[in-house]
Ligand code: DC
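Coming up is one lone chain in C-alpha cells, specifically the form predicted on its own.
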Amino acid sequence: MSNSTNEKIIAIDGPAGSGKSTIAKALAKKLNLDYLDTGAMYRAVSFISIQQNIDVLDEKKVLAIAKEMDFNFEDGICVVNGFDATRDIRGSEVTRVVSVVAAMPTVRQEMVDRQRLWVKEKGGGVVEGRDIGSVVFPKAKVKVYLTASEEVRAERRIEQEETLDASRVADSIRKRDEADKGRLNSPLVRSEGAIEIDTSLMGVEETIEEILGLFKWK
C-alpha cells in the first residue's frame, strides 16, 4: 500500500492525554476533512478479544480478530462488528490490555494497511495516533506532535474517564508512555519534520490556529 502524498493528510501524533483526539476532530471539522482515531482501532481489537475470551498474549489469535473485524469510524462514533462500541472501547478493561495488543507487529501491520486504505478511499483526512507521521504516513506534508505535562494529561484523562481515582490514572498514563515509547515495533517518537506543540496551557482553538499557521498546502 502506497503512502504517497497525493492525498491531503494531516498526521497528528503524541502520548495519551496530549489532546490528539480533541484537536484532530476539531481540525477535521474546520477543514471539512474526514477524521480517523487509529487508537480506536487497537482498542476495538482489544475489546473484541476480551468479549470472545481470547488470550490477549496470543498474537496469532489476536491477529485473526484484527483481520476479521468490521470496523467503522465516522464522526467520532466507533462501530465494531455492527455494534456501537464508542464508550466500551474506552473502558478500564480495554485500557489495561490495549498496549499489549498495540505492540504486536502483525496486528500493527494489519492496522497500518487499513489506515492507508482508509485515507486512499477518503482522499485524505486528519489521522491521529502514535505512529502516523513516523510509520503510517511518513511523507505527509503536515505532521504535528502534540505533548503536554504529565499532570495536565492525567487531569484530562480523569475528566474523560469520569473517575476520581487520580493516582490510578496517573499510573496508567506512565505505564502507557513506557509501553508506547519502549516497544520495538513502531514506538512513539516525534517523527522527522513534525512540529511539536505543547498543549498544556493552550485551548483547542488556539492549538488549531497554531497548526493552521504553521502549514500551507502546496
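A residue's number is simply how far along the shown sequence it sits, counting from 1. This is a predicted model, so every value here is computed, not measured.
Beyond the structure shown, there is the form predicted in complex with the ligand, which is absent from this document and is the topic of what follows.
Contact with the ligand in the model of the complex, judged as any non-hydrogen atom within 4.5 angstroms, is confined among 131-139, 116-124, 70-78, 144-152 to 131-139. Contact check for G39, R157 and R176: all three have a heavy atom within 4.5 Å of the ligand in the model of the complex. Taking non-hydrogen atoms only, A102 approaches the ligand to within 4.5 angstroms in the model of the complex. Using a 4.5 Å cutoff between non-hydrogen atoms, D180 counts as a contact of the ligand in the model of the complex.
For the chain shown alone, A85 is not a contact residue for the ligand in the model of the complex, no non-hydrogen atom being within 4.5 angstroms. Residues R90, V98, S99, A102, R108 are the ones in 87-112 with at least one heavy atom within 4.5 Å of the ligand in the model of the complex, listed in sequence order.
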